[in-house]
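Below, in structure tokens: the form predicted alone, a single chain.
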Amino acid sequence: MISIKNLYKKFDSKIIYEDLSIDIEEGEKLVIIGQSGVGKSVLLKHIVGLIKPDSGTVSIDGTDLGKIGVSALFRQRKKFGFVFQGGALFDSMSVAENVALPLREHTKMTFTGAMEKVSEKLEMVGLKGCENLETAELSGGMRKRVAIARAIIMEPAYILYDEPTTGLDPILAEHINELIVDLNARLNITSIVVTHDISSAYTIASRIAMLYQGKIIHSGSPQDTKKSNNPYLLQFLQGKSEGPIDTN
């Protein structure tokens, strides 16, 4: 379980979070929505301890990240897989080398054992037999799948997705959405997805949370979200920056 309590963060004079609180339950598929620049991706970095709050707490399975040392923080981070917005693949490496990178850095697994695990994870994301491809040969959708395979290679308890469908056409985006849902069930993990794509949110989420002006202003199922009369949520869902809001 991830528990964020009374989070406050400011960069220079800009307040990013002001008394933000949210709990994320085991096995959940939480989608965090909100406009660009509200701090969705920054929240993921707080969850893995890459950024420290000015005040408030971020706790992972009961451990307050602000009260542990560097070694303990690294151990906590091993519970997470992270899918970066652009994939963050290394163009100088093959698909297999990219996926195997966490194993090389954090385990003493043999080359044969690592390659077996790489093949297993690539098959799970629909890329069976693609181990020797170069990253330059990959389509946008394939790059996303390789990034996801790398995120699950260490068998994490949590996977964080930062805008996983950015740059994809609607059909490829839907395939990635379905893959996220499938992996959440097959691997019995907790998924936290940051997106501004409400269609993806409805497909993926067991719960949708909206971040606005430094706080979570809505948290509920996709059905609850569709029925909400929160004016800021409605404005976002309808893609309006100002003007009248349709509440019907």
Ligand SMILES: Nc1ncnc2c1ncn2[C@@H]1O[C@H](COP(=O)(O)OP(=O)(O)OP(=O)(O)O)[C@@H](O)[C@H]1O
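None of the values given here were measured: they were computed from a predicted structure. Counting begins at 1, following the sequence as shown.
What comes next is about the form predicted together with this ligand, which does not appear here.
Contact between residue 57 and this ligand in the predicted complex is not found at the 4.5 Å heavy atom cutoff. Using a 4.5 angstroms threshold between heavy atoms, residue 42 counts as touching this ligand in the predicted complex.
In the predicted complex, residue 189 stays away from this ligand, with no heavy atom inside 4.5 Å. This ligand in the predicted complex comes within 4.5 Å of a heavy atom belonging to residue 37.
A heavy atom within 4.5 Å of this ligand in the predicted complex is found for exactly one of 119, 85, 107, 135: 85.
Screening 16, 237, 24, 20 for any heavy atom within 4.5 Å of this ligand in the predicted complex leaves a single hit, 16. Not one of 8, 28 and 207 comes within 4.5 Å of this ligand in the predicted complex, counting any heavy atom.
Residues placing heavy atoms within 4.5 Å of this ligand in the predicted complex fall in a single listed stretch, namely 29-37, out of 219-227, 180-188, 29-37, 58-66. Contact annotation for 168-199: a single residue, 196, has a non-hydrogen atom within 4.5 angstroms of this ligand in the predicted complex.
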